[in-house]
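Below, in structure tokens: the form predicted on its own, a single chain.
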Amino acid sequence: MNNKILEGIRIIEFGWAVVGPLTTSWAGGYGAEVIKIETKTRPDIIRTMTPYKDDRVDLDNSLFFGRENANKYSLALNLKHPEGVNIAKKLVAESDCVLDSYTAGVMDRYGLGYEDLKQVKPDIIMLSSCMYGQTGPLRSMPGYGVPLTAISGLTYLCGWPDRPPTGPYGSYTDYLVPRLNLLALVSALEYRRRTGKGTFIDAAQLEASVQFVSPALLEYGANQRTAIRSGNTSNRAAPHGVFPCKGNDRWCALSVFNEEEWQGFCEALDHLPWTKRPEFASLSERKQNEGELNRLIEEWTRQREAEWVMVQMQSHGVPAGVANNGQDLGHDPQLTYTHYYRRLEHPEMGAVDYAPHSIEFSNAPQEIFRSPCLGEHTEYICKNILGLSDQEFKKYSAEGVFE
């Protein structure tokens, strides 16, 4: 049995940037039919973001957009045209789920809010994923992943205590929230299967992100202490850090949490004399002398390749990993072995590597198809799903409904 988990489910996506589009892209990998509503007058913002294939700027040539929008069809629809809204409602009537990631209130202003859509499809499931949720004093504030990462507390915890916050790479929360969104959609589908009832899901990105700093919240709640940045250090490990290795900008991370790992670490260094110094004899002493310890390790790692250091440490039971760059990830043996990257031909970009959701089901593996060009499937959707005649399609096209 190889039926897809979400086979037979149609999702209409009013998505923008990453959180909404990535949620539905993964749903498409599991078999859902996803139709992305776009407009040429105001395209999804990441169609305008780099990297562009061969640096050619074009709405259909952004690799960033392509990677986050696999497994879906594109319908160009001008929602500022009254007939555009009517067509969107007709499409919702033929669908199971609607997802939007606009600022709170935008869908209502289009006449496409949950109460509007229930009139055309009583058991519709709608997930709205904006920064702060659909209610509250900040509900109308727009934004995206970088400030949300800061607001959710993650940025404050990244960096060194004597320096400004550095933040994790990119819009970190954009890649946390879709996993919860997809789980919520599946839960709502199961609820509808059992009860016949639809659901509105208010999926606030802030609340989904704050849970990832739970230890900091608990520290304040229990002890009124505010967690601070600690660089690469850990209260529970020494050594613990990222160490420079031989070559240009090459690094290896390693951690020693207990005495067994410390003995393995010493063996990996062939029991260099300094590993026997009394100031490194226990975890508490290594923490007290961590600066000197790190300096000595750095002297050793600088003479060796990062990959060699990683393998040497791992072979002696010490957690270690190369700080991979983009090129490393493209050739990572584990990702290659699991076929994580799926290379597909795109009509504008040529060969593109797409990445599926990280969870694979043995009886229903994911299938990936390429991302769409803007409006690529407009005519097909209008005629084959909505039943528009050739004459109607031409009329609406001439009126600018499909711009």
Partner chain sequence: MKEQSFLSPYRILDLTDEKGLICGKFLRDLGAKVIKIEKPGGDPARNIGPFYHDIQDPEKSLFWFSLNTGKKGITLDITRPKGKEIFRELVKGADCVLESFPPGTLDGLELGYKALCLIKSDLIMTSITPFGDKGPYRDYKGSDLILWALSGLLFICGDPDRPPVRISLEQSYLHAGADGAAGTVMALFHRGRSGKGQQVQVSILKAMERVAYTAHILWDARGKILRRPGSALRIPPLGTKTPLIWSCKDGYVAFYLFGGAMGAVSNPALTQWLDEEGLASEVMKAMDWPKFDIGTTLQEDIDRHIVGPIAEFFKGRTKKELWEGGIKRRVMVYPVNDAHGVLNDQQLKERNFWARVAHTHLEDTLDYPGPFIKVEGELCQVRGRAPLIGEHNEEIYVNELGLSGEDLVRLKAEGVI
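For clarity, every value in this text was computed on a predicted model and none was experimentally measured. Residue numbers count along the first chain shown, from 1.
The same protein has a further form, the form predicted together with its partner chain, not shown here; the description that follows concerns it.
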Inset, instruction - Would you mind picking out the stretch of 289 to 297, 276 to 284, 142 to 150, 83 to 91 that comes within 4.5 angstroms of its partner chain in the predicted complex, counting non-hydrogen atoms? - result: 142 to 150
Inset, instruction - Name the single residue among Leu112, Ala76, Ala320, Leu79 that comes within 4.5 Å of its partner chain in the predicted complex, judging by heavy atoms. - result: Ala320
Inset, instruction - Give a yes/no on whether Glu68 approaches its partner chain to within 4.5 Å in the predicted complex, heavy atoms considered. - result: yes
Inset, instruction - Spell out, yes or no, whether the shortest heavy atom distance between Leu22 and its partner chain in the predicted complex is within 4.5 Å. - result: yes
Inset, instruction - Although its partner chain is absent from this view, report whether Glu190 comes within 4.5 Å of it in the predicted complex, heavy atoms only. - result: yes
Legend entry - Partner contact for Ile9 in the predicted complex: its partner chain, 4.5 angstroms, heavy atom: yes
Inset, instruction - Any residue of 327 to 341 with a heavy atom within 4.5 Å of its partner chain in the predicted complex counts; write them all down in order. - result: Gln327, Leu329, Gly330, Asp332, Pro333, Gln334, Leu335, Tyr337, Thr338, Tyr340, Tyr341
